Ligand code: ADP
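In structure tokens, one chain follows: the form predicted on its own.
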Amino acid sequence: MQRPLLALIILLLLSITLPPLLRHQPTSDVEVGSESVTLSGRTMGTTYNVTFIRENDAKIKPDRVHQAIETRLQEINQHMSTYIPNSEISRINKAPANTPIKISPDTAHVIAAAQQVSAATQGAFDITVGNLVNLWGFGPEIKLYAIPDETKIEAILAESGYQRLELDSALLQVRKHTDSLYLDLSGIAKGYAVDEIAELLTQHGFSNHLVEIGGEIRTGGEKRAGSPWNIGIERPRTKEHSVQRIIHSSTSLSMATSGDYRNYFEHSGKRYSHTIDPKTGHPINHNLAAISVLHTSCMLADAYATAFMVMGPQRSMDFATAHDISVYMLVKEEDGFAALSSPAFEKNFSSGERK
């Protein structure tokens, strides 16, 4: 259920294209202006960009914020990355069945949220899909651009499923019900990291900020007095970047986007998406090209965006309408893309369409 490494969001504030990277690196950049500070670096297999407004009453100097952000991101990455052999998630994946594994409050919080979204979406979102992601060549293992054997898919499905993972939040431990259960938090961890960095900035007195990690975004306050943050939803084109819709935000807002048009492979003339349906074990096969979810929590927006890509346009819209979730989707048609939005989106975000 991983989404493309190339960010599906264009940050109008920064006007940059974010390159894909393979794993965390500590290098980063700082740009200090008269009114704002912009930080950028690499984490969780992608890039991050943070902009915050300089405040006279802040609890920490802007130049110290950078190190605080790097430290927090490294901590989260160490907990949740399948690319790190001794991370918490890797220890869970290597553990035998019915063995209690101690985990951090970070990991426990993310797994609890993931399990809640899994139950709500009837398994469309499922962090135990990791072995299927790897089998189809979209995980940390070597990419195999070929169709997996059906017997292997069925064998993994027989021992996967979010119901086979047990979390004890009070004791901060998890227990797998099958040996081979393999967790992949890529569909929720970046959103959680965005929330954490936004909270870090707020705690230090920088309430006006924008945080972006791998295309997942959260804003707080305003870009400047009377001027909102502007976030662009990208049109689903494989070779160029253009803006489909602009979101204006002067309050705390999170947005996560999932799409299938950049991370895929082709075999015998057929295109296979990177998004794996946890129920079938196969890549999704419908006409939903991309979907953006707006929420107060970037972690939940991240998880729902992945779930909705699995569910397809009609089921996603029905779910979003029933649960009052703001979604904006682009659906493939013969002559292009149709833009559809939920009632909650239309109520909260009434302008910004680009033809």
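Please read all numbers here as calculations on a predicted model, not as lab measurements. We number the residues from 1 along the sequence you see.
As for the form predicted together with ligand ADP, it is not shown, yet the points below apply to it.
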Considering non-hydrogen atoms and a 4.5 Å limit, does ligand ADP approach Ala290 in the predicted complex? no
So in the predicted complex, does His209 come within 4.5 Å of ligand ADP, heavy atom to heavy atom? no
I'd like to check something about Pro278: if you look in the predicted complex, is any of its heavy atoms closer than or equal to 4.5 Å to a heavy atom of ligand ADP? yes
I'd like to check something about Leu165: if you look in the predicted complex, is any of its heavy atoms closer than or equal to 4.5 Å to a heavy atom of ligand ADP? no
Want to guess which of 247-255, 91-99, 166-174, 187-195 is within 4.5 Å of ligand ADP in the predicted complex, heavy atoms only? 187-195
Which residue among Val133, Ala108, Ile153, Leu73 has a heavy atom within 4.5 angstroms of ligand ADP in the predicted complex? Val133
With ligand ADP taken in the predicted complex, which residues across 295-320 come within 4.5 angstroms through any non-hydrogen atom? Asp302, Thr306, Val310
